[in-house]
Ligand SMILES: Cc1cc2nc3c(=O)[nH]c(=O)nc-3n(C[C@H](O)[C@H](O)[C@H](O)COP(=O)(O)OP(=O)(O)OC[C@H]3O[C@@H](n4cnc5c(N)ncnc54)[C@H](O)[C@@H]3O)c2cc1C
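Given next, in structure tokens, is a single chain: the form predicted on its own.
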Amino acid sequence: MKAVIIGGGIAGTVTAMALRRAGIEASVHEAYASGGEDAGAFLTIMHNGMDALRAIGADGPVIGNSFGAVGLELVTPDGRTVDRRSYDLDGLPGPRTMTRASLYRTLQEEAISRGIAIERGKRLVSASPGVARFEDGSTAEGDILIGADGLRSVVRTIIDPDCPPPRSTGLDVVYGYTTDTSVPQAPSIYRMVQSLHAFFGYTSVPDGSTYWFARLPTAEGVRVGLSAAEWRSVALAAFDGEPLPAAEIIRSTGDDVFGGHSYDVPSTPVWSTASMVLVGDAAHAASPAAGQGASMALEDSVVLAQCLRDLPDAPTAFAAYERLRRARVEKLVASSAALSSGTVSDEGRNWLYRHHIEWDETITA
């Protein structure tokens, strides 16, 4: 069996590595020339995501290019810390934070070192059983096509032309980085601040710089094409004058600011055909509130490879994969959406973090 994977991001590269570990040939076809789109954002791979990487022996490179956190603090609009939570779950290795661009490079380099071909500048325009066709006129042939092409998945629309579009979360999300070590620090923790009008979070890197994000309630299409300076001004306006560190941190930030509107995909009715299947955000994108998008994609990648390894044909494997994954990921998307809207507290997360994949476990139909 040969797999053609569309998308060279998190889900695509890890799916290729998992398939190779399962003895299945795979090639990765990435639309962007650099393979590092959305380079401005940063993310955290939680316990369950690191567990999925560990299942295929790919956790080491990620650990080597990231930094850890031991827990989080919740801060109210008046500046009081009202809750502290440890990420230590009975000795489970904790989460790792890094820029999205760095994670893409790390995973792609690891995939290439394992003999996996990654072709860049390959934007999918159409596909039929056995053949993927790209914008530059080239094609790729394989027994199965795996759509790991993210929120705006082309493969999703090929599988089901009537699939629902991504849904606005009602939030703009702004990411920033400052090297000013005089601002309030949060070493080894995530400090989450609920202001009167928006939400702010930050953590300090071992070198003293600070990664921060702001979630700003906004209708879709209000802010389009903003520059770094304009996104910084938007974020500052949301927190200026409040007794919180957010404004001070934002003011200290230069041009390393990136923003955009946030979307999710609550449910995709059709995940597969007889020869095509979706993984990661292509099947189920979550709002950033739960911090689980990357981790869920990593879980998908490994479980799909196990199903293709253990079951007699692609349709049977795809059905088992969906059975194992759909309820969990849709629960996560709903939970993250509720967190974004502030309707629930961020508690009871062990069902997420303690998820374990045993690579040698046999998947049955």
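Here the structure is a predicted model, which means the values were calculated and not measured. Throughout, we count residues from 1 along the sequence that is shown.
Just so it is clear, the following notes concern the form predicted together with the named molecule, a form of the same protein that is not shown.
Of the candidate stretches 265-273, 143-151, 191-199, 71-79, only 143-151 has residues whose heavy atoms lie within 4.5 Å of the named molecule in the model of the complex. Just one of A314, A320, A31, I63 comes within 4.5 Å of the named molecule in the model of the complex, counting any heavy atom, and that one is A31. Contact with the named molecule in the model of the complex, judged by any heavy atom within 4.5 Å, is made by just one of I159, V257, A294, A132: A294.
Among residues of the shown chain, P288 is one whose heavy atoms approach the named molecule to within 4.5 Å in the model of the complex.
The shortest heavy atom separation between F67 and the named molecule in the model of the complex exceeds 4.5 Å. The shortest heavy atom separation between R100 and the named molecule in the model of the complex is within 4.5 Å. Contact between I118 and the named molecule in the model of the complex is not found at the 4.5 Å heavy atom cutoff. Three-residue candidate spot L19, T106 and I363; no residue lies within 4.5 angstroms of the named molecule in the model of the complex by any non-hydrogen atom. Along 1-18, these residues reach a heavy atom to within 4.5 Å of the named molecule in the model of the complex: I6, G7, G8, G9, I10, A11, G12.
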